[in-house]
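Below, in structure tokens: the form predicted on its own, a single chain.
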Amino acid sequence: MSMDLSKSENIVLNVLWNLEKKGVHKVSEADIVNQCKLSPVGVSSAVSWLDFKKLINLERKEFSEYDVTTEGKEYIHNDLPEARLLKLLKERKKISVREVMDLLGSEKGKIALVQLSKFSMKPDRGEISFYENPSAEKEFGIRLQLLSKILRNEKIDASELSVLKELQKRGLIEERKRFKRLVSLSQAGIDQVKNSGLTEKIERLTPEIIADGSWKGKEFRTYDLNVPVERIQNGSLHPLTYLIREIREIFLEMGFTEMHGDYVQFAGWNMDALFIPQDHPARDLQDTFFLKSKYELNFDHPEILMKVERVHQKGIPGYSGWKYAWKEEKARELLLRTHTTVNTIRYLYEHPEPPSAIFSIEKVFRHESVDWKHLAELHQIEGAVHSKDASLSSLKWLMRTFYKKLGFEKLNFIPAYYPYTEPSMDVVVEINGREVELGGSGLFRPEVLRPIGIKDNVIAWGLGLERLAMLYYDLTDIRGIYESDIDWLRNYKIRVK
């Protein structure tokens, strides 16, 4: 039985039929776009309708794409560390390990030495010597060539797969999973072409074709108002929204109060009040989004600035401070908050009486390169307990209880350093035998608490939501959380419970 088709469906069917006659039985949507004047969106829509009408067979195939990382792009411009060292050895015949580190830098020097050792050029008594090894030079050339090839989005040959894995292992390229739809004519589609042809019919009666009479003698496409339509799935929560609700429910069950804050903050609250010195690297443009405003904004609670200045310059009894010339104008700089700990400090200043248990799950912003485990815009799970009985032991208990409710049984704490907590710990969870660091925690330093009028202990933590979601949903790339993969969004599963 033949059926009326839209103009775009006719075009796609015609392309498939022409390819079928040439012996090409299966093509991608991109191939169809190259064979007609329809846009990729038009082809995709026509393919979906033809699949619904059973006139084509549709196959979803996974494939990989690769991106060159920032480090990889640097090597494309400046050459691989191992190739640079090999050139140096060719010129000098012998070079000390110390000189390698001075010329290439500590990190790249180590990389170069490790790579050359695979070709039997190993340091001996603090020196590395050159000997002719054509295979090393050839291999390094292949690596650089493949990096450039990936940057140009060129096809990778099967013979290059071993080098590809080496580059991926070194973090010079990143793999991203993609999906494409492969299309072929079904028997019903072949019958449609043979029995009814691909005559273009008028779909819409417009004023133009009425005026010029071009509609005369042409067939109109019929519409069956009773034809069954594809069942549309109900909407569902985004995976991240679901996880946020789960976390919020856990904190509320534990008796915590939720707090909120603004994206835009003064550096005085975001940095200075947390005892982060004004020359700290985290304040650099490379790490922080600073803002300019044509309006002069009032610093809320300006009285705290004098207290913060005193702590930074002179410290408090028993603690020496940073001993530098603190500047109020730097504290008044505007920025996009780099953490939600600023919520905690503001809340404690406005609610200084203990006890209190507070939390927030909100966005923060970091000026850093986006890759498989880093985002410039992310969520932070913030929490704090203000109590005279708060201690490192109670912090560990809270963290274990929180993560156990999320399904993580194995939890470890590793000593760490943060400017505003002492002692400090990184929270590490174990899943599938692999340890993953999820965030920092500790006791607020007295230099943080005294200016805001707090005398008792405060334990606090800041945990990455997206990093947690990667484990929660068994993802290998943090960017996958925000991609519009409809199949995954409809069928995502919780892996860790």
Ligand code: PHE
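Note that residue numbering begins at 1 and tracks the sequence as displayed. Everything quoted here is computed from the prediction, not taken from an experiment.
Omitted from view is the form predicted in complex with ligand PHE, to which the following refers.
The partner is absent here, but in the predicted bound form a heavy atom of Y418, alone among Y418, F266, F402, F275, sits within 4.5 Å of ligand PHE. In summary, among the residues Q192, T288, Q115, Q380, the only one with a non-hydrogen atom within 4.5 Å of ligand PHE in the predicted bound form is Q380. Ligand PHE in the predicted bound form is not approached by R332, whose heavy atoms all lie more than 4.5 angstroms from it.
Contact annotation: Y66 falls outside 4.5 Å of ligand PHE in the predicted bound form, judged by heavy atom distances.
Although the partner is absent from this view, G462 contacts ligand PHE in the predicted bound form, with a non-hydrogen atom inside 4.5 angstroms. Contact check for K307: every heavy atom lies farther than 4.5 Å from ligand PHE in the predicted bound form. Only one of 35-43, 438-446, 48-56, 467-475 lies within 4.5 Å of ligand PHE in the predicted bound form by heavy atoms, and it is 438-446. With contact defined as any non-hydrogen atom lying within 4.5 angstroms of ligand PHE in the predicted bound form, the contacting residues in 329-358 are H339, T341, given in sequence order.
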